[in-house]
Each structure stands twice: as C-alpha cells, then as structure tokens.
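Presented as structure tokens, the chain that follows is alone, the form predicted alone.
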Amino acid sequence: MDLTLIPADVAKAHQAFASALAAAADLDALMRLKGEYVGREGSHAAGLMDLLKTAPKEQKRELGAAINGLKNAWEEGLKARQVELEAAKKRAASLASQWDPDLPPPLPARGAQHPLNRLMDRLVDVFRPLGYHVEEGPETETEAHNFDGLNIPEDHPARGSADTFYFQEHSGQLLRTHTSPVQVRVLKRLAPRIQELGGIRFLAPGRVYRKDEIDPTHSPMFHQVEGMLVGHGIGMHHLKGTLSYAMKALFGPGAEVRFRPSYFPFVEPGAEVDVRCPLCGGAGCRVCKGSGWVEILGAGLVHPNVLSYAGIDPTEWSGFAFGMGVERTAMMVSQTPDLRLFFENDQRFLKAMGGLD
C-alpha cells in the first residue's frame, strides 16, 4: 500500500490504527473508532474521498488504489474486533446469569477407584476373615509356571499360539493365561516352611491374557481372582463350605450355590460353581440364558502332581483351589450387559458404577 500519496495526518492516523483498535475495550469504543476512520462525514475516509475528487487526473488512479487499500484495512480490522467483543460480551452475560454470590463455590471433580478394582478388593475382603492374604506374580510368565507346574499336558490346546500370547515361538515366554502360575510360585517358595506355617492359604488377584475376540462377553485382557488352601486332611467339604460362605457374602445371605462336576488339569476332582441368578431369582433371563443359574467360578482339590512339582508331599498335604473371572462377576452384580463398558473409560458409566459395591 503506497502511503506517499496520502496526506501526512491520515498516514499517521493509519499507523496508530492497530493500537487504537486493540485499545477499544467495548462495542461503544469500537463504534467511536469506526466513526473516526470510516464514518460518512468528518472521518479519515471521507476526507480522502474529497482529496480524490480534487486530485490531478494523472494521480487519480494511484491515489484511488491507496485510498481503497486504507479503507479495506480499516473495515476488516473493525469487523474482526467487533466479532471478538461481541463474543466476550456474550460470555460475560452467560457467566453473570449463572453466578450467585450466595452459593458455595463448585467443588472440583474427584477421581475414584475403577469398579473392577473395587470388586477385586471386595473379594479380598470376603476371604480375609478366613485367614487368606494376597499374593502377586508377574504378568510375563514362563511355560514352566503357566503350564508345567499346573499339570497341563504338552498337547493341551491352551498351549497353542492360537490361544496364548507368546513373545517368540519356542521362547517359553508368554503373557500368563490365568493367575494360577502364582499358585506354583507361592507353593515352591513356601514349601520348605510348610511344616512351620502349618499350611498355606492365599488369594491371587490380577490381569490375565488370552487370544479372545473382543465382544460383549470376551476380551483379550481380563481379571481373575484365584484362591488356594493347603493343609492336613483338606477335602471337598472344606471347599464347598468355603465357597458357599464366600458366595453368600458376595451376593447376599439368600444366595443359592450348586456344584457341578468338571475337569481342570490342576485339580482332581474338579467342579464348576454356579449361583442362582441374582437378576431374575432363577426365573430365567438373558444373563442366565433361561437356566436360572450363572456359572461363577471353577474349583477343585489340588492335583497331587501340582503339589509334587512344588516339592510338597501329596501323601501328607492336600488342598483346594478356585478361580473366578472378575468381569463376569462385575457384569452380574451391576447388571451391565456389555463387558467392553468396563474398558472404554466413559465417565458417565464409571460414575454410575459408583454403587457397584
């Protein structure tokens, strides 16, 4: 923009325009500035148009271009500033309408424990009065702890790469498929002191991994809580009494429990444990698939081979073990239809789950 053809006072005013525009703190001040620069009468723009009328013919073209450039710059600047001030005025009006000086200030949002962690803590609290303590193990495991020490044979499908996440083929390193490797580690660690301790009992909560497709009831990562007790003369009656107590503590004193024979390589005999569906009371619904019962965990007496692998004499010691899926239990307790909701971090869902326990 050529300012050499513009009168000195107008050129000086143009140089001060940006500062004057920024200093316009409200719409009234902006309107005054607009009248000063581009108003119809007495403005810098009106004076320039008068100058154009009296300018020599040979200067009119260049002078007209300079005048148009100045006017466009002023009008665009004024328009942009007006948008800013109108938006600020609207925000201030909104805040003023919502603010009540008599009300206490709003409290900042606070975080809370995830519902799955709360449920695992609740399961631990159920067993603490029975003398159980918590043990943990690594999520990266060896085949020895994940399979061999649990009496799982070489040809078992769970050992295949279609079901298990291996780090490398034939590496022997994997992501644990259940929390049962913690049983092997704890038994081996405490075997030399088992006489001194008079037995072993513990819970093992944690994350596990399997090659499952993600759908409303499956996930490649989920949580389990396992428990084990080893002592003298432990039998199925001890297991049934312990789990019946635990299910009633978890689902209420009226909870009905049943045991069905089942097979697991690391227990003998083995059982599936069901509870009467707490959602329909046994009448039949979508959650229990019309049966009136919901499978809640697997259990059984510890296989002698598992004890022998850890260095414990199965002729002197016996025990039981059990394990449950945390997500399945959480879905049933909270009546949540889709497992994926627990992993999507939707704040509305997590807030609603505040009443899970």
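Numbering starts at 1 and follows the sequence shown. These numbers were taken from a predicted model, which means no experiment stands behind them.
In what follows, reference is made to the form predicted together with a small molecule, a form of this protein that is not presented.
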item	value
One stretch from 125 to 133, 173 to 181, 79 to 87, 194 to 202 that, in the model of the complex, holds residues within 4.5 Å of the small molecule by heavy atom	173 to 181
Heavy atom within 4.5 Å of the small molecule in the model of the complex - the one residue of V306, V326, A299, L70 that qualifies	A299
F264, V267 and A321 each touching the small molecule in the model of the complex (heavy atom, 4.5 Å)	yes
Exercise: E226 in contact with the small molecule in the model of the complex, heavy atom 4.5 Å	yes
4.5 angstroms heavy atom contact with the small molecule in the model of the complex for R210	yes
